[in-house]
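Shown below, as structure tokens, is a lone chain in the form predicted on its own; questions about how it binds or moves come after it.
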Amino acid sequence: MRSDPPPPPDRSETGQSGAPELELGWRAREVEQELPELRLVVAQTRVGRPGSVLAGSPSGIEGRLHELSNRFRGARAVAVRREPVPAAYRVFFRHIGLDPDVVRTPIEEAALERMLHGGFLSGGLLEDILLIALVDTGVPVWALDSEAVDGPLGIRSSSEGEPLGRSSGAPLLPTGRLVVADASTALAVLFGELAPGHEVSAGTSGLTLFAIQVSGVPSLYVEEALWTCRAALEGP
């Protein structure tokens, strides 16, 4: 049986360094006890650019991807797992029962894609922005449609047969899977898939961004990843 989420956090609550408008998500009691250094950091934003957030990236964003591709060549890609932030996520994966050599951490997956394709390929504005933040900081960021989120986000364990999301064909979760959830529903598997129907769509104007902070990852890196995404989405 899953634990009920604690009361919503104060909306003025911020990350450890006091960055404004970043919120710490709630954690179920068993998560606090078993993974005391696990944090969910959330930012709300609105799209300030014309057109769909899933449309092609402007030249400035594509240029940034090209620049990162040049910086992130073979030697760096191979050695990235030994850098402090990627290494911290590898340790956390093992701690929750994931083999990072089988289920790759987000930054290692990005490094592999870069080597396979000879560069970071553009996948559209939102995907490119999330990728830039990941490569710059090592911290992965995910995005949900704010209209599909019911209350503050937090981390808890799933219950047996619980649906991932509120759509009619939502996949069912096994018991004990760590998930990012709102007040009533699991919206994402931790470091995994987002719930169908809750992802950002072509018509999305408000986004809920979230990042996962684990032991060994400085708050500054998490905040920088989220602010990178916000600035790029809200910018001209």
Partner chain sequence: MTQSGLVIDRDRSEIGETAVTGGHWVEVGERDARYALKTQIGRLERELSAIVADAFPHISPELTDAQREAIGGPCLLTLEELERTRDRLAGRLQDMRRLAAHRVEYERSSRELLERMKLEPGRYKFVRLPVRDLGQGGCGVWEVRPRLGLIGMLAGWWQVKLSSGCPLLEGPRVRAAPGSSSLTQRHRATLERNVARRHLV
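Keep in mind it's a predicted model, so treat the numbers as computed, not measured. Residue numbers count along the first chain shown, from 1.
One more form of this protein, predicted in complex with the partner chain, exists but is not displayed; see below.
Novice: Using 4.5 Å between non-hydrogen atoms, is L40 touching the partner chain in the predicted bound form?
Specialist: Output for L40 is no: heavy atoms all beyond 4.5 Å of the partner chain.
Novice: With a cut-off of 4.5 Å between heavy atoms, is G97 one of the residues that contacts the partner chain in the predicted bound form?
Specialist: So G97 counts as contacting the partner chain.
Novice: So, R73 and the partner chain: in the predicted bound form, are they within 4.5 Å at any heavy atom pair?
Specialist: Close contact is absent here: in the predicted bound form, R73 is far from the partner chain, nothing within 4.5 Å, heavy atoms only.
Novice: Check whether R29 has any heavy atom within 4.5 Å of a heavy atom of the partner chain in the predicted bound form, and answer yes or no.
Specialist: Flag for R29 set to yes.
Novice: Which residue, A170, L54, L35, A183, is the contact with the partner chain in the predicted bound form, using a 4.5 Å heavy atom cutoff?
Specialist: Of A170, L54, L35, A183, the residue with a heavy atom within 4.5 Å of the partner chain in the predicted bound form is L35.
Novice: Can you check 185-193, 42-50, 202-210, 62-70 and let me know which stretch has heavy atoms within 4.5 Å of the partner chain in the predicted bound form?
Specialist: This holds for exactly one stretch, 185-193.
Novice: Note that the partner chain is not shown here; using its position in the predicted bound form, name the residues of 110-141 with a heavy atom within 4.5 Å of it, in sequence order.
Specialist: Heavy-atom contacts to the partner chain in the predicted bound form: nothing from 110-141.
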